[in-house]
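Before any questions on binding or motion, here is one chain by itself as structure tokens, the form predicted on its own.
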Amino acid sequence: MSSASHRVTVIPGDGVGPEVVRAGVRVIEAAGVRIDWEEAAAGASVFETGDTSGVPAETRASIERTKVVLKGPLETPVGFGEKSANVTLRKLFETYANVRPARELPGVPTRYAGEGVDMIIVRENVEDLYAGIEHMVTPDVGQCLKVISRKGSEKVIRYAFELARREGRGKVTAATKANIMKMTEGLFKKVFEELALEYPEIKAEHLIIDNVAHQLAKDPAQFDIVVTTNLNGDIISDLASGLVGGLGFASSGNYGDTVAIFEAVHGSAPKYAGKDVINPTALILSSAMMLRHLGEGAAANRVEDAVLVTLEEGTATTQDLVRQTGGDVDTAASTTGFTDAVITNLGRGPATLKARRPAVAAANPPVPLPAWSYSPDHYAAIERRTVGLDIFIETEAEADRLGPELEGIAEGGPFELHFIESRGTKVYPSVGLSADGVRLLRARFLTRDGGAAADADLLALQGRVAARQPGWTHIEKLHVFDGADGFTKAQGE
């Protein structure tokens, strides 16, 4: 029995959430850990009250007090409705590192059984396309801004390397699409290569994300820790869970500097809600991650071992696993029955596959971060100049007609029209091919001599274009930092 008592915010969630959360709470309490639970709401029930955030002030206040959350799945509408309450929670409390273990489990048949699959996907959790900055720039063209920062990259990459040290792992793989998105994914890759020098005992490698997906299907045991950007991580962490049995076995923790949120990866599965049939393994293993975060390493070990014994012996098998083995679902264990079996097995260890234990200390707190590498002095010393403007224009006009008009607008001034593009492909001056138009063109104006542009001149140019092209929708200033262009070329340029 633990002598300490911990305060934890518990969010039952939507659909099957209350059932799996109840399973996790029962196992934690049976393991002898004393928790002062603060129940809070988020998700569908909150949206229904008219709160468009999905996370009410009372829930935020509870998390600010406890700093730790055990959460059931929250329903997120697809293609309509409000923003995901899951993402809102992660972003509000800056839980920047999403940690998803994927390890072979006894008694769970997979195509890779016996190959030693044992990896962790560390996903940046608050920026990238999940910053959620979207616009309909015309009635039929939408855009989503991909935000990658040096600071955000540095925090999650350092977390991955420090996690490798704690777990006694020998390799960290960065997975990016830096060959295409050179300034966003490329920044993540650059930061990874810089920080890898601080961890000489750990092998650091970079792979393009599509190759990582290929290698995960071909030989998943080669991976140890994979660190990646938000969207990439969302996809490959689900892929990784599929290699070891599915989302019913996929645990996760979201770690920040002050708050940690633990949750099953699977969704709310409303069609199974209230039927006592869902597999609670993912939430129970997430509860073990939470116990380790709270410094209750011995209890976390007992919970993990009990889950492994229960799966290994197969005396309580939930319907998802019965289906995988071709059995009769009428014989499947209920959510409650499986949880009862885990509790009965507390204190036992598996005969075959042993649980992995952290190599460093019993507790697993958030990684203490050193000062951000870009100090104010360093940042201020970066040489910069603004050299032009991209103007996006909603128009039915063909580029070969619009081009001369824009050249005329710029004539005699400090700027010249550099190109016009459609969806990233140069269409003026002509490259001999024509892109399929979507009523949105981007005109790039650069200073004639490559020198710095004054804001007054940029605003005057924008005004002249707007006067002739009322369909302009937005602009981007073009910068050069330490002699390197802070903007990409168009395809065909």
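A residue's number is simply how far along the shown sequence it sits, counting from 1. Note that the structure is a prediction, hence the values are computed from the model and not measured.
Heads up, the form predicted in complex with ligand NAD isn't pictured, but that's what we're talking about next.
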{"query": "G107, heavy atom within 4.5 angstroms of ligand NAD in the model of the complex", "finding": "no"}
{"query": "Non-hydrogen atom contact E162 with ligand NAD in the model of the complex at 4.5 angstroms", "finding": "no"}
{"query": "Heavy atom of E75 within 4.5 Å of ligand NAD in the model of the complex", "finding": "yes"}
{"query": "Ligand NAD contact at L145 in the model of the complex, heavy atom, 4.5 Å", "finding": "no"}
{"query": "Contacting member of Y374, Y112, Y199, Y272, with respect to ligand NAD in the model of the complex [4.5 Å, heavy atom]", "finding": "Y272"}
{"query": "Contact residue in the model of the complex, chosen from K189, R103, R90, R158 - any heavy atom within 4.5 Å of ligand NAD", "finding": "R90"}
{"query": "Stretch from 374 to 382, 171 to 179, 150 to 158, 278 to 286 whose residues place a heavy atom within 4.5 Å of ligand NAD in the model of the complex", "finding": "278 to 286"}
{"query": "In the model of the complex, residues of 222 to 252 near ligand NAD [heavy atom within 4.5 Å]", "finding": "L247, G248"}
